Every structure is written in structure tokens, then in C-alpha cells.
Ligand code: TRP
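Take a look at this one chain, the form predicted alone, written out in C-alpha cells.
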Amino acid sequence: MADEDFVVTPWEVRGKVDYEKLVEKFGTQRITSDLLQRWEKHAPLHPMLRRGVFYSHRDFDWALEMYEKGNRFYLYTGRGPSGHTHIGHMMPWMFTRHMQEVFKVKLYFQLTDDEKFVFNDSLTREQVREYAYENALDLIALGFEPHNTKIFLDTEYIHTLYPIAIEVAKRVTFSTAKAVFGFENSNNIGEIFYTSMQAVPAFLGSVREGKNVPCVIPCAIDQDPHFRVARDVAEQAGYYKPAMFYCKMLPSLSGGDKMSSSAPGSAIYTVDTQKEARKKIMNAFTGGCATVQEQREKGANPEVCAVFAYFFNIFEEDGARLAELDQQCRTGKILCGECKGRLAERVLAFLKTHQERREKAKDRLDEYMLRD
């Protein structure tokens, strides 16, 4: 979706995103209090649900109803491996891990090495493959286990994936692809075909189990165009429509749009050193005033602050402490430097533990991988 003030596509997010407008333009459903109450019958609400980080869905109420009747869904999410993983990428993965624990379900994790090769002229196939395996380490380091988590690269699992992909491709016209993605004559045919591959894991669980199984896809809302296509063809191909669970995106450290792999200073990567991560946080955009005196008098604005966004989305689960930080910020009782220092402590501790787990994951990769 392109708007005068912002752009949201599966390949680009730019400007200050109006998430409510996206709900209207994409035609998704808001996560209501009734849906949250149904969730609470199974488990307490995760902070990302309480705070509206995950805020929109397609048919999750149906998937939950199927689950409660004994038809357990599986989860599908993934990563386009164009570079190292940053914390923004992992936000929906963290929630996916929570969903997996709550509902005790399987996860298929797609690494779209084909996508990043055909859409990015600067990456070779080998570079994309290397990034894919690096990204897989980050998923494993979050605590996913191999008995219910399977990871695959599209090009390495293609014998299984391709028959499902052509079932999708046969039902998607070029006019639909142009209308949904804005393709032009200059787009290569790999780009035009690709959405058929991203649809496949929404049906993979059904193929592997030999019966129709509901699928729930937790991901950022910028990926919705792909899954609108998948949902449009699902029933024609004999499958359930995948249910969607959409989150907002973690803002860039430099303010504004989401983190970008093409702007390293806008994000904290899982491979960053402690020094690198601290420097990025201390240079982050905030809602503070020009001078200490002015901020003490007028306070700051946490609503536009990248540092507060990190606390809000990931690094402060306690609602009372978050509310206190918000109040201290607005009243000038805390300055941006102190707030950055607090965040740095949380992030550096997270990175230390994550990198240790990531190193151990190198010896376990084959336990998770699906290959033909």
C-alpha cells in the first residue's frame, strides 16, 4: 500500500505508518476484546497482545474455534535472508514461540532464499544461502525445539515445495499479481512467480499430514499482500484459508519507519558486539527536548521515541514499570541519556545470552532442517 505519507509493501516500509489505515486498506480485522477474552481461556495475554503490538488478524477466531473443537492448527512464519537478523525481525518470532508454547503446536519456518536472490541484484545465491543459515541460528537461539519446529530453505526443499507452488501459480493471474504487488514490465519473472512459493507453507502442514489442517501465520502486517493471494486460491486448491495474526513493526533507531538491513545504524543485529549495540542505542532518536533545562520543564514525548518503543514492544514486560517510565518521561523526571542507559543494559544482557545460545545452535542445525 502506498499513501501520501507512508509506503508499506512486502519489500519496502517507508514513512510514519498509520496502522489503523492499513486495517482499512488491507481489509483485515482488528483484534477485539472478545477475541482476547477467548485467548485468555487458554493462557494469560502476552504483553504484545495487551499493548496492541499484535493488533490485526484474518480469521484467527475461526482457527481458535477449530482448535477448541480438536482440530489443532500449526504455525508458519519465516524470514527473507537478505542480511543478518536484527531485533525487529525477531519480534514476531518471539510471539510465535509464545503461541507455540500456549497451544502446543508445530511451526514451519520458511527461509526464502529464492525471493532474496530474484529481488536483489546485489546478492549472489551463495550469499543468500549463508544469510539463511545465519538467520536459522537466531530462530533456534530463541528456544524453539526440533521436535515441533522445522526450518527449510526454499531451494533446498524444492522437490516437496514445487508441486504445491504450481497449484497456487496456476490459480493466480498476471493481472492479480500486478494489481496486488504493482509489478511492471521491468520485473523479472522470478519476482512475479515468487508469491506462489511464499504461499506454500500455508498448505504444507496439510500435505505432510495427508489431511486438511488449519494454519496460523504470525507476521508483520507488511506481508499481508502475499497472504491475500494465498487465501484467494486456498479453497480452489482444496485447502483451508490460512489465518493471519499481524503485528506492527519495530521502529528504526533513527526514528520513523521500520528498521532496515540497508541502514545498519537503524537496527541492532544479533551479531553486533556489545560496543556496537551500545553506540547505536546511545545515538538513537528520542522524543526529548533540545536542552536539559527545557526537558526538565516540559518533559519529553515517548510516543515518537525509538528508545521507548524498544521498551514498549520487547524489553519491559511489566506494565506498571512501563507506565512509570512513560510518566517519568512526560514529566521530565528522566532524561534521554538515562533512559538510553537503561535500555542498553537490557539489550546488552539479551545479546550476551542470545549469542551464547546462537553459538550452541550451530551444532544442532541438522535437527531442525527439512531437505529433499
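Just so we're clear, the structure is a prediction, and the values are computed from it rather than from any experiment. When you see a residue number, it is the position in the sequence shown, counting from 1.
The form predicted together with ligand TRP exists for this protein as well; it is not shown, and the discussion that follows is about that form.
Contact annotation: ligand TRP lies within 4.5 Å of heavy atoms from the stretch 105-113 in the model of the complex, the single such stretch among 266-274, 136-144, 283-291, 105-113.
Interface residue remark: residue 219 is counted as part of the site for ligand TRP in the model of the complex, having a heavy atom within 4.5 Å. Among heavy atoms of residue 198, some come within 4.5 Å of ligand TRP in the model of the complex. Not displayed here, ligand TRP is approached by residue 223 to within 4.5 Å at the level of heavy atoms in the model of the complex. Heavy atoms of residue 80 reach within 4.5 Å of ligand TRP in the model of the complex, making it an interface residue. Using a 4.5 Å heavy atom cutoff, 76, 194 and 227 all lie near ligand TRP in the model of the complex. In the model of the complex, no residue of 45-68 lies within 4.5 Å of ligand TRP by any heavy atom.
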